[in-house]
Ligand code: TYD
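Starting off, we have a lone chain in the form predicted on its own, written out as structure tokens.
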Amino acid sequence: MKKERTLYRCTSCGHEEPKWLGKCPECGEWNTLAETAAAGSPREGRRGGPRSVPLASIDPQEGKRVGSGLTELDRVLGGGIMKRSAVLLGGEPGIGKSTLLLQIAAGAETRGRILYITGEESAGQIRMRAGRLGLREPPGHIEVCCTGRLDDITTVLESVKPVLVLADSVQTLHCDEAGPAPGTVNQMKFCSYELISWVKEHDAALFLAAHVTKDGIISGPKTIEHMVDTVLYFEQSGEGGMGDCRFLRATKNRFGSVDEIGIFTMGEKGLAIVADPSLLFLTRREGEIPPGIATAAVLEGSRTLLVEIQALTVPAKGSISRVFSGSIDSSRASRVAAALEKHLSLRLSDQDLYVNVAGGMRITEVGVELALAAAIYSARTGIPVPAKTAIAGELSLAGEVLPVRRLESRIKTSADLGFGRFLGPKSAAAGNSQDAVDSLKKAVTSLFGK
């Protein structure tokens, strides 16, 4: 008869250990580890294969999250680090992926051990970086493993039993079974699968850092993105990525929304959270606003941000006009320009159009379209948009201004930041606190008197 296997589960936080301990390494509570049957033991019914478990019998603590110590990261993850989850973090070299992982290790709200795995730096280099970030006395529960060899990493994992594993980077992991050289497709898939399997079996969580290609996508097979629970992209602001602002976005999240965005600034002490990003993307000017500038109230997840939309039109150098837009999708800019030309007889077909967002932030929300139209009209006619005017609205191809989500929140945020006028679609809930328009022609007349 197969010998029964047991493990000890904390009745307070659900953490599991292979042997009894007086104090739970996860929550710090004493005498809370209770013996229970391990998966695969005869008592778990594995003789006949896997068995189902009633949903009502599952402990809600199984879905408990752990704070990362960085509120912006917690926002993007959906409320914190989910146990038994794997997160893939992609970004360009030098953008701050390693810094972010080290700050997670230092700030994670757990009393269990944290293992930082690196195949790119030595232990001394990590210690120096920790001192540079102000972590002069890192918590004693942080362990460092400087190797990319999977067999050595597995041995350390079984010895340390960490509750959080940080691997930097997935391209440096290698195993003899998957081939002779690290960085290949097979190596990344095999090593990632082994680490993901380990954390899911041991009630831990995993962060995998990964480099990106010239096209801005994570280097390696898409299979890795399918294997993990969350995929995060770390982006830089500014032309050519020279800005100090960093954006953290989720393109996949099994435990939360992909609409949220985390905003950081990079400084001498590492990544700092931007407490109030509302004014981060507005340019402070004295005097009149130049033509081609409009302020848009857009949504990024649960937050309303005011961003400066910049437009420039110049005579086309060839027979075909072109649209240059990096922060806003160029097809969206082309549609807005076509609507202006059709419904307002504003000639743009012989103009090259340049569109930018101050601060380098990438905008995908439809509520930016009316502000973009105002900026393009202003740039083409040379008439500036009235000062302290915030704009939001979606444009249809028929020239209509369509309603947008959470209009009241946009109006309130604009008013709180000193914008005395708000131009947007009609809304019964918004009341009289805005200039309501239902067409592109009426919006231009309201702004420019034309």
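The numbering used is simple: start at 1 and walk along the sequence shown. Not measured: the values here are computed from a predicted model.
Only in words, not in the display: the form predicted in complex with the ligand, which the text now covers.
E92 within 4.5 Å of the ligand in the predicted bound form, heavy atoms: Judged by the heavy-atom cut-off of 4.5 Å, E92 is in contact with the ligand in the predicted bound form.
Distance check, D276 to the ligand in the predicted bound form, heavy atom within 4.5 Å: No, D276 is distant from the partner.
R132: touches the ligand in the predicted bound form, heavy atom cutoff 4.5 angstroms: Because a heavy atom of R132 falls inside 4.5 Å of the ligand in the predicted bound form, the answer is yes.
4.5 Å heavy atom contact, R380 and the ligand in the predicted bound form: The answer is no: R380 has no heavy atom within 4.5 Å of the ligand.
Partner-contacting position among S334, T172, T99, S327 - heavy atom within 4.5 Å of the ligand in the predicted bound form: Only one listed residue qualifies here, and that residue is T99.
Residue among H211, K189, R249, R111 with a heavy atom within 4.5 Å of the ligand in the predicted bound form: Residue within 4.5 Å of the partner: H211.
Candidate stretches 262-270, 196-204, 293-301, 315-323 - the one whose heavy atoms come within 4.5 Å of the ligand in the predicted bound form: Of the options given, it is 262-270.
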